[in-house]
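Below sits a lone chain in structure tokens, taken as the form predicted on its own.
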């Protein structure tokens, strides 16, 4: 038995991603599939090149249809619970690239009821405000408003509920209970939620009145929702969605997954410069115990949180990334300088992102009108 556990709500142990792929029934991305994606896109993306997106379902089928002239749409989302952090941007970064390279429409679901149902410390009104803020953070990445639609489970319930009911008829309580570890004490809203999430996998097919392929970029911890959805939407007569799934972005303290519940372990999009500098100074590096030992023996970038943040998000240029890793290995950059460069890099990004977010005055132009 694996000594780790991965659910949409918790990650425990040291995740072995090859074992996890087998457990979930997903296929690891190999060089052949990566090259096929890049060939179809006419470009590559560092998150796929570097194995951050490591596994998939049905990418071959999706590309077969695309190569025959059948366009696909991208569906992803986020459940608002607090300020967004850097790891939250991974699926939207890929979604933006897919929109640009494949001329794909992007549907972004913001389930403004999920965290209300599974958490106890937020009101629906507070979560709605967070949902709007999340939408502005996502739109600030540069999505095309004419090809991007945000929708909210409560705000768009009139459209979604009819479709969710069709899904719910095919999902038993036993299935949900086993998949999510729910008990008899779990509220019925949380039990129904997967039916709402499944709607995104065929939402454009409903809109267009014909089957449209769907691709879902997501963290691997969300896979269970779509294992269930794939079984159901097939029974409803729609295409099963394809997925492309990422590994976890590490925490600043070296934990395998960044945790929003530990502020010092995470870079939030609303962190100010002083906060970023403080977090960077406390971040784990792969360096030796002293400057002398680091200069003599070098460090290990693979266990350095700072290096990994560059790898996951802050340095898309592979050659520049290798120079950062090499400086760690050879001991030519000591911890203080390494952390200062990192803090400066993060603060530049957050400042620029904040400006783009502030420039979005009419977020409603992205909203689904159905």
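Positions refer to the first chain, counted from 1. As the structure is a computational prediction, the values presented were derived from the model and not from experiment.
One more form of this protein, predicted in complex with a further copy of the same chain, exists but is not displayed; see below.
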Heavy atoms within 4.5 Å of a further copy of the same chain in the predicted bound form: which stretch among 285-293, 158-166, 92-100, 79-87?
-> 158-166
Answer with one of 271, 133, 113, 221: the residue that has a non-hydrogen atom within 4.5 Å of a further copy of the same chain in the predicted bound form.
-> 113
Quick one: of 276, 171, 104, 212, which gets a non-hydrogen atom within 4.5 angstroms of a further copy of the same chain in the predicted bound form?
-> 171
Find out whether any non-hydrogen atom of residue 267 is located within 4.5 angstroms of a further copy of the same chain in the predicted bound form, and reply yes or no.
-> no
Determine whether any heavy atom of residue 189 comes within 4.5 Å of a heavy atom of a further copy of the same chain in the predicted bound form, and answer yes or no.
-> yes
Decide whether residue 185 counts as a contact residue for a further copy of the same chain in the predicted bound form under a heavy atom distance cut-off of 4.5 Å.
-> yes
Indicate whether residue 297 is a 4.5 Å heavy atom neighbour of a further copy of the same chain in the predicted bound form.
-> no
